[in-house]
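Subsequent text provides C-alpha cells for two forms of one protein chain, presented individually as structure 1 and structure 2.
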Structure 1
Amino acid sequence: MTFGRFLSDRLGRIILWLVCFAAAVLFLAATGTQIDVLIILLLILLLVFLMVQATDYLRDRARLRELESILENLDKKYLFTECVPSADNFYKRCLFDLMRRAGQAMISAISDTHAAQRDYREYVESWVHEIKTPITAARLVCRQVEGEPRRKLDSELAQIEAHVERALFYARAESPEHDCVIRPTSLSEIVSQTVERHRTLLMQSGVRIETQGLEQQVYTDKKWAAFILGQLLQNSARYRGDTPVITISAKPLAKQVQLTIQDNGIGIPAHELPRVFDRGFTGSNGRSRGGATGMGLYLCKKMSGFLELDIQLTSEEGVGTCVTLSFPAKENLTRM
C-alpha cells in the first residue's frame, strides 16, 4: 500500500480537516487574533494532521504486511481467517468476525464436497470390481461359441473392459496420491504386460507390434504407466490404416528415458492437435468412426502430470501419430 493510495482512500476526511482549519482561521482572524499567532497555530495544526496521517499509514501498512505474511505461509489458504490475530478496534473485530464466519461456511462446504467426491469414488471403484465378475463369466460363456459370433463377442467384451478400466482410473485420478507408488520398474515388463492385456483388440484390428530398445529401467508407477500405454495402443488400433504397425521403442536421453509409440494410422488434422488432450474432445476422426469418448488422452495427460512424465504428441494426417513419454531421472522426482 502506497502513501498516495492511503491518502486517496481518506480524501473525504482530509477535505473535512481542511474545511475545519479554514473555518478556525477565519474565526480567529475575525476576532482580532494577530497574523503571527494564526500562522503558528496553522503550522501546529498541520503538523498534528500530518503526524496522525503518517501514524495511521505506518500502522495500516504493518498490519497488511503481517496479514500477507500469514497468508503466504499457509498451505491451505482458505484457513486464513482462522489464523488472523484479533484486530485493534471494535469495527475491525466485527469485520473479521464476519469474514471468519464466512470462511467457516466455505470450509464446511468444501468438506462436504470432498466427502461426496470420496463416496462417489469409492462407489465407482466398488462397481468396477463387481462388474468384472459378470465380464469374466461372459468370457467363459463366449468360449463355447465358435466362429464369427465368438470374434464379435470378444471384441465387444474387450471394449467393455476398456471402458470399465477408464472409469476406474478416472475416479482414482482425483486422488492419485492414495493409489500411486513410484518405484524402479522394468520398461520392457510394462510394455509386454500392456500388449498382452490388449492382445485381443490388436489381433482383431490386424495390428503388428514392433519393439526395440526396451531394456531400460524407469521410475514410475507400473499400473498407471501401463494404463497410459494401453490408452495409446487403443487409439492406434482404433485409428489404424490399411496395414497397421505400432512401433514401441525406447532410448536413454541424458538421465531420462524416452518411450516412443509410433503408428502409421490415419493421423490427426493439424488444427486439432492443440486440443487432443482436452477433456471430452473427440475430433473429426472420433466423430466419423464413432465410439470415442474423448477421455483417453485427457487421462493420459492428467496421470502423466502426477507421474512427472512429459508427454508429447505429433501427428500428420494420412501418415500417422507419434507419442513420446519422457520418464524423469530418480533425482528429479518429487514423489519418491
Structure 2
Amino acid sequence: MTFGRFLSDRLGRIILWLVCFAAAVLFLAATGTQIDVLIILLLILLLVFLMVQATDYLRDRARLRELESILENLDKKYLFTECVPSADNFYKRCLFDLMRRAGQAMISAISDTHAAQRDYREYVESWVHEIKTPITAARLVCRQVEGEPRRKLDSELAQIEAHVERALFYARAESPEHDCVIRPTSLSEIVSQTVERHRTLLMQSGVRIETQGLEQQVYTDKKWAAFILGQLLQNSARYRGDTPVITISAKPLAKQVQLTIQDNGIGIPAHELPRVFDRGFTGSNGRSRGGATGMGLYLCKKMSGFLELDIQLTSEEGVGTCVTLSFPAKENLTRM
C-alpha cells in the first residue's frame, strides 16, 4: 500500500479537515488575530494532523504486509483466518470474526469431503483385497481346463485383474502421499518387473519387447512407476500393428534419465493427440479396438505429475507411438 493509495482512501476526510483548518484560520484572521500568530496555529495543527496520518499509514501498511506474508507462507490458504493475529479495534475484530466463521464453514466442508474420500478409498482397497480371492480361485479352476477355453479365460482374467489394479490406483490417486516412497531404483528392474507382470497379455498379443541401455539409476517410487509403464505396455499391446515390437530404451541426460517406449502400432490421429491424456477419452482407436475405458493415460499423466516425471507422447498414424518419461536422476525433487 503506497502512501498515495492510502491518502486517496481518506481523501474526503482529509479535505474536510483541511477545509475546516483553513476556515478557522480565515475566521480568526478576519476577526483581528495577527497573521503571524495564525501562522503558528496553522503550523501546529498541520504538524499534528500529519503525524496522525503518518502513524496510521505506517501501522496499516505494516499490518497489511504481515497479513500478505502470512497468506504467502500458507500451504492451505483457507486456514488464513486461523493464523492471523487479532486486530486491535472493534470494527476490524468484527470483520475478522465474520471471515473466520466463513472459513469455518469451508474447513468443515473440506474436512467432510476428505473424510468421505478416505472412507471410499478404504472401501475400494478392501474390495480389491476381497476380489483377489475369487480371481485367484477362477485362475485355479482355469488350470483344470485345457486348450482354447483356457487361453481365452486366462486372457479375460488378466483383463479383470488389470481393471481391478487400475481401480485401486485410481482410488489412491487422489492422495498418493500416503503411499509414495521415493528411492533410488534401477530402471531395468522396473521394466523387467512390469514386463513379467504383463507377460500373458504380451504373449497373447504376440508382442516382442526390445530393451536398450536400461542400466540407469533413477529416483522414483518403484510401484507407481511400474504401474505407469504397465499402462503404456497395455496400450501398445492393444493398439498393435501386424508385427508388434515395443522398444524400451533409456538415455541419460544431465540430471535426468529419459525412458522411451516406442511401438509400431496403429498410432493416434493427429487431431486426437492433444486430448489423449484427458480423463475418459477413448478416441477413435478406442472405439475401434474396444475395451478402452479412457482412464489409462489419464492415470499415467496424474501419476507422472506426483512423481515429478515429465511424460511426452508423440505419434504418427500408421507408424507408431512413442512415449517418453523423464526420471530424475539426482535427488532434486522439491515436493512430495
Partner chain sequence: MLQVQNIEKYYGSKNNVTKALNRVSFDVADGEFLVIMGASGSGKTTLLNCISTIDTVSAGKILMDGEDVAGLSEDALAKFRRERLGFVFQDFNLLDTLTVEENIGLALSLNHADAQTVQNRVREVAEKLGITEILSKFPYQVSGGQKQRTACARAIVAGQSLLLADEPTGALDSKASKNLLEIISTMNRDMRTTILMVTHDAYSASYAGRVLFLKDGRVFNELLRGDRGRSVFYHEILDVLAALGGDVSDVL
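Note that the coordinates shown come from a computational prediction; the quantities given were computed from them, not determined experimentally. One-based numbering along structure 1's sequence throughout. Rigid core here is just the name for the largest C-alpha set that superposes within 1.5 Å across the two forms.
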* **Form predicted on its own - structure 1 or 2** => 1
* **Rigid part of Gly280 equals that of Leu168 between structures 1 and 2** => yes
* Any idea how many degrees the smaller rigid part twists against the larger between structures 1 and 2? -> 16
* Rigid core superposed, the C-alpha shift at Val84 between structures 1 and 2 in Å -> 3.5
* Having superposed the rigid core, state how many Å the Cα of Arg61 shifts between structures 1 and 2. => 5.1
* Give me the C-alpha shift of Cys20 between structures 1 and 2, core superposed, in Å. => 10.3
